[in-house]
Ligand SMILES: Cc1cc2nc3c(=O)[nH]c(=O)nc-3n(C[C@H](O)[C@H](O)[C@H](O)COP(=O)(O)OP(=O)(O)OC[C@H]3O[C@@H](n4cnc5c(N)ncnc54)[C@H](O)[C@@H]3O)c2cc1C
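What follows is a single chain, given as structure tokens, in the form predicted alone.
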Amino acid sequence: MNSFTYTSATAVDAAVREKSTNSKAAFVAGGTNLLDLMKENVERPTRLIGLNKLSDLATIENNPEGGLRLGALATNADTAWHPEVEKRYPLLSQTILAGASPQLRNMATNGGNLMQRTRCYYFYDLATPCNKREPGSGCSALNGFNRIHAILGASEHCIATYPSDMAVALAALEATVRVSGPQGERTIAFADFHRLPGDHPEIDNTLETGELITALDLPAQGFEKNFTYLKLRDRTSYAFAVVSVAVGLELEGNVIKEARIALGGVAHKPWRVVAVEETLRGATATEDNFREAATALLRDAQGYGSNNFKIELAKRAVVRALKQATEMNQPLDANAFLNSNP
């Protein structure tokens, strides 16, 4: 790990100002991903700007649109167990509790969760080419061992996946990211926050220089009655998703009035296709309709050898998740989830 200096910010504008004037500075809160990257010399900031004294960013409260505002510095654990999140957004609570370990959730923050980087083996291995780590060097995963890699939205420059569980639920809920930067405050639709790799896989998101995530806004609709998060992984705890599916449904009898489907573990960002969701509106909640939706959702999927199996796995996961969400008739208790579906 390279040497660095540390300062503790006491105000958002001061933190933004310091970051915007130092291209080698980095914000740090829980540090659950950044410190690993620094230890491996993947990231080498010369200055860390600590955010944990910005207590105003650690609150969870109602927002003006009738939804909930999650402070960027609220921990994943505090968010998952918050009474309003459990009651109104159980999909988000369930999704957070499916990620990492209790110890990490106690440290990791909501803003930091969005900023975590890929767990591609080659990204962490400095001895191998990686366009995300060193633009123009090549992508070792394309012809290498790519079992965990993308099947949607990839490019010839990068087939890495984005690892967050929480973000898959935020995509399905259509959250909004609030940021503060040198030009003031602005909001970013969650669908626009993370980028596909394209020609610049080294750029993970659409934040401008110096911008800091301050909060996440959840809309009023939380799909508290019919929802599920299905996470398929190699072991039942402390593992990233091979494929995951977040589903929120609004049902009227057996008719689907609203549908949201977001995939994790398959692309450079949480994957949604709004046009596919629209085909389910007004349709009956049947397995045949779910299969059609799954096929359409994965129509453009492409495997790269070791990950070919993920295409069929993702289709089956979508069908299973939609069935699970349809069969629910009340919010799932988080303790029950931890005991029955780790």
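Because the structure is predicted, anything quoted here is derived from the model rather than measured. From 1 onward, residues are counted along the sequence shown.
FYI, the form predicted together with this ligand isn't displayed, but the following is about it.
Site annotation in the predicted complex: the residue of Val28, Met38, Ile60, Ala285 reaching within 4.5 Å of this ligand with a heavy atom is Val28. Of the residues given (Ile203, Ala189, Val255, Met107), Met107 alone sits with a heavy atom within 4.5 Å of this ligand in the predicted complex.
This chain is displayed without this ligand, yet in the predicted complex the stretch 157 to 165 from 217 to 225, 157 to 165, 82 to 90, 245 to 253 comes within 4.5 Å of it by heavy atoms. Of the heavy atoms in Leu196, none are within 4.5 Å of this ligand in the predicted complex. Among heavy atoms of Asn289, none comes within 4.5 Å of this ligand in the predicted complex. Put simply, Lys231 is close to this ligand in the predicted complex: some heavy atom of it is within 4.5 Å. Contact annotation: Leu207 falls within 4.5 Å of this ligand in the predicted complex, judged by heavy atom distances.
Each of Asn76, Gly99 and Arg119 is positioned with at least one heavy atom within 4.5 Å of this ligand in the predicted complex. Along 197 to 219, a non-hydrogen atom within 4.5 Å of this ligand in the predicted complex is carried by Leu207, Glu211, Leu212, Ile213, in order along the sequence.
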